[in-house]
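Next comes just one chain, in structure tokens: the form predicted alone.
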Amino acid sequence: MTAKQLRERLELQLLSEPDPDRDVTGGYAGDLLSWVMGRAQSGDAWVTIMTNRNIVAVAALADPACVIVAEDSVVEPDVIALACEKGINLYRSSRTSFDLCCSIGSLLGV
């Protein structure tokens, strides 16, 4: 499943999508950025409530297929612009992290 397909199936709000054809191969949920950096896998859909610029830096290092900001957390325009600049697919949802993870797992057959 691609990042764009995941966005469409979960009805996520598109904030930045420079790589819509990126394959989503797993999922990770976490808000402690140092923890995410060391544990998220390349290709994961990373679900978080964090919205500061550091999520883009962590995503650039951990290489997830996309970052999904849960619970309608507000993402500032400068963070969205940075995500686009760094090639990070960034989406937002009103759903909880738990709900998103359950849906991602189901879509990926996990």
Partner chain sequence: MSEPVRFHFDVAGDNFASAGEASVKVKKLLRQLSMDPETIRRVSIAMYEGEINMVIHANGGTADVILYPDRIQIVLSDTGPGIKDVSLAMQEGYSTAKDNVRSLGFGAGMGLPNMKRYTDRMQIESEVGKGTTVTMEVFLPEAAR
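Here the structure is a predicted model, which means the values were calculated and not measured. Positions refer to the first chain, counted from 1.
Only in words, not in the display: the form predicted in complex with the partner chain, which the text now covers.
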* Structure fact -> the partner chain in the predicted complex has a heavy atom of only one listed residue within 4.5 Å, and of 29, 62, 70, 80 that residue is 62
* Asked: For residue 58, is any heavy atom within 4.5 Å of the partner chain in the predicted complex, or not?
  -> yes
* Answer with yes or no whether residue 75 is in contact with the partner chain in the predicted complex, where contact means some heavy atom within 4.5 Å. => no
* Using 4.5 Å between non-hydrogen atoms, is residue 66 touching the partner chain in the predicted complex? -> no
* Would residue 40 sit within 4.5 Å of the partner chain in the predicted complex, counting heavy atoms only? -> yes
* Asked: Using a 4.5 Å heavy atom cut-off, are 34, 50 and 53 all in contact with the partner chain in the predicted complex?
  -> yes
